[in-house]
Each structure stands twice: as C-alpha cells, then as structure tokens.
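Take a look at this one chain, the form predicted alone, written out in structure tokens.
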Amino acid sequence: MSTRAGSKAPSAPPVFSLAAELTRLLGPRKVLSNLSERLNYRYDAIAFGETPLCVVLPDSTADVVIAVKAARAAGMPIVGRGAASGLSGGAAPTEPGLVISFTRMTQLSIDPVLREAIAQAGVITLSVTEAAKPFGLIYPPDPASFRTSTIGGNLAENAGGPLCFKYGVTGDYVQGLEFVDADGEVHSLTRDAYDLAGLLIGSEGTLGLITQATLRLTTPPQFTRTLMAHFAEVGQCAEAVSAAIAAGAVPSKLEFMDRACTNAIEDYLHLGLPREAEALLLVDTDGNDLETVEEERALVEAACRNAGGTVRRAESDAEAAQLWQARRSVSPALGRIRPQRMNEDIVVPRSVLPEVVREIRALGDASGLHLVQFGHIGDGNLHPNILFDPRTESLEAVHELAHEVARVAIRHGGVLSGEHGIGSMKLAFMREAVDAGTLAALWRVKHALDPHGALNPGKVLPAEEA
C-alpha cells in the first residue's frame, strides 16, 4: 500500500498497536490479542466488564515491568488478574485496556527454619499449605475458593475464610511484598515502621501490581472438634454466637447458613442437613490441649442450647469433613437456583448480629427476590446473596435490595466489605459508607501512587466530586 507524499499513514487501532508492541517485547507466547482469547478476560466470578485490548501472561516480574511500561506509553489502563474467582467485579475491566494475568507466575519456595513461604502472585492458595505440610507447617488463610484462587488475588482483596475469626486474614500473614508501580518500577516492602505493604493489601490493584509475597507459616493445631447447631429462627443463631464469644470461647471456625442456603445444599448433595431449620451453625474448636478444645466446644454447645438451638457433635473426622463439605459447597449449590447473583460482604459488630440478620431476612421476604444469607458470623462478616435471573427479574430491583442490605450494615455501624473488596459492585454505596473527608484523603493516596489513574480504574473509590 502506498500513501501520497506528505500525508500520514493511518495509525493502527489501539488493539493492534499495543498487542504488536508487547508481542515484539515479550514474544507471542505471552501475549493474547485475538478477540476469542481476550473475551475470556473480561469477567470475574460475578461480573462482566469490557473486553481488554490485549492480555499479557507474564512469567516474571521483569515481564510485568515491560507490560506496564508499554501500556503506560500507549495511554492504556491496566488491570491485574489472578484466577478471577473474585466476587466484587474487581478483576473485570471497566474500560478497554491491558489485562495482566498472573497465572503463570507460580514460583513457590518454603523456608522451614524461618517458617516462611515466598510465593509469586499466581501461586494457588492451597498450594502454599500443601508445600509447607512436609515441614509440619500450614498457611491458615482459607477463602472458599482456596483450591483455585491465587495469592495475588487474595492479597488484592485481603481475603479471609472460615479460619479468619481465630487465625486472621491474608494480610495478617504477609511479612513482605514485591510490587510494580504505575510507572513500571519495582519495589520491595516490609512491614517495619510505616506499614506500606499494608496499604497495598486490599487495594484491589488500584495502587500497584503485587508480584510476590513473603508469607508467614504456622504449625497446625493437634486437636480439632466440630459441632453443628440448628435453630428455628435466624436471630437465635446470632444470639448464640454472641453468647459463646462473650463466655470466652474462641472457635477457629464459626460459620452460618440460613434455611434457603441449607436447602440449596441439600438439593445439591443430599447430606442430611435439617431442611426445616431457619439457621444452621457450623463450629470448629482447635488447639494443642485437648481439654481446652473440648471446654471451648462445650461453651459453644451451651450457648446454642440456651438460645433454643439443637446441637449435633461430630463423632469422627469423617463426620466433621462431611459437615464442612456443606459449607464449601454453598457457591455451586446456589448457582443451581438462579444463573446470577449479587453478593454482599458486609461486616457488622457482633453485638448487633441478631438485629442485622433479622432485618436482612425481612428485606428479602418483602422483596419477592430470592435472598440467602451465610458467612463468617464469628467476626460479623455476612454474605447476603441475591439470586436472580436477568431474563425474568428486574436488575433495578436487585440493585435496590442490595443497596438496602448495605444500608442495614451502615446503620448498625458496619462496613461494606470484609474480604471480597469493593470492586465495581459496591461502588454505588461508598458515599453512604465513607464520609466525604475520608474519601478525599483516600483519593490523595490514589493520586500519589497512581497519578494518571491507570491502575484498575473505576474500582474501590467513587468518582471525585467537582
């Protein structure tokens, strides 16, 4: 093709020019540019976003640096992505740009003397404990998606899990981080003095791209005991939890499911759960002193009975494993009821749990929509889920119910997210949850670390007001 003298050749569309440059820099194995490939990177486990212009699959931090610098030179936004198991739309792009998928960055090493794991961002969460087990060590954070989620994704959301009540969330196990900033520079952070690593943890890829973490490992407890309790009313379950903790029990797991949730699991797995119960509580107590472990289980059992619950103790490891299989199966079980769901992740003070679960139940019943509740009730982290079919049910009604649930949490002194992040799904609620002065301060942090707004735009913070 020829052009007239003095005229400019038409520039390549952004999708081709960025992909061509990255392919030149990284090689074709690490760059996806075909539409059929890029379509697979526009969503997470709950939300669809814009189709990226290009996807990079780095092997190393050096590859991430190259990708970030190329995207910045092209003026493109950058979204980091792990296994895309997130439930807030955090990894779903809000505008076309570059997606950096960390699934090939899977280097993992264990130092049994220091009791540390060094994991690249794409390491599967469960792999850390599996690698540590031969040394008598474990990595406690256990989000429901731990068989598929990545350490980088867990860090971006500060993921928790059933063990978080006693053992803490992902950020509690981070000794240090490596990340690539918005200009493509590499930094290493420890948690000495100012906790700058803590600033990156839970920032959902809006302040930097975490490429590697040094994680603290612990020894597993010698003894674990399990019980299940069920209740005729959801508030009774919350009252039992508050009473057990007030009595001094510190269970390792305290998980709650309502009747709709329990029946969804029964329909799916036929485990013999009590279908008639309005609320079900699953509890583990653990430790290295069997007498103390049994005493804690007795405290929880007494609190459940006093609140009107019916208690069943697991008599074997196999029975305990079956009960916990129920909790692990919540997501696939709910997926059989409606094709889509709006997931809430509120955290409220334990003292108001009975009122909160009752108010949310009442909102669901009045809405005509299918609402279920479950979550890590021990630390007040509830996951009300609205199940819906967009072909037959109003999206506007779904969002309004989600907003009302968020208002319940805010009214009772709670927050919008405990472990799934704000992402794009809860962005509309942020102005009610966070005061204007705090939002302005958070925007100043964002501008300081990402002055051009290139990192995961449209997430966490609502647009600045003029």
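Because the structure is a prediction, the values reported are computed rather than measured. Heads up: residue numbers just count along the shown sequence, starting at 1.
There is another form of the same protein, the form predicted in complex with a small molecule; it is not shown, and what comes next is about it.
- In the model of the complex, the small molecule lies within 4.5 Å of some heavy atom of residue 210.
- Contact annotation for residue 284: none of its heavy atoms lies within 4.5 Å of the small molecule in the model of the complex.
- None of the heavy atoms of residue 110 is located within 4.5 Å of the small molecule in the model of the complex.
- Mapping the unseen interface onto this chain, residue 367 falls outside it, with no heavy atom inside 4.5 Å of the small molecule in the model of the complex.
- Screening 357 to 365, 271 to 279, 224 to 232, 155 to 163 for residues having heavy atoms within 4.5 Å of the small molecule in the model of the complex returns a single hit, 155 to 163.
- Proximity to the small molecule in the model of the complex, defined as a heavy atom within 4.5 Å, singles out one entry of 351, 331, 219, 322, which is 331.
- Of the residues given (342, 84, 347, 138), 84 alone sits with a heavy atom within 4.5 Å of the small molecule in the model of the complex.
- The three residues 80, 376 and 420 all sit with a heavy atom within 4.5 Å of the small molecule in the model of the complex.
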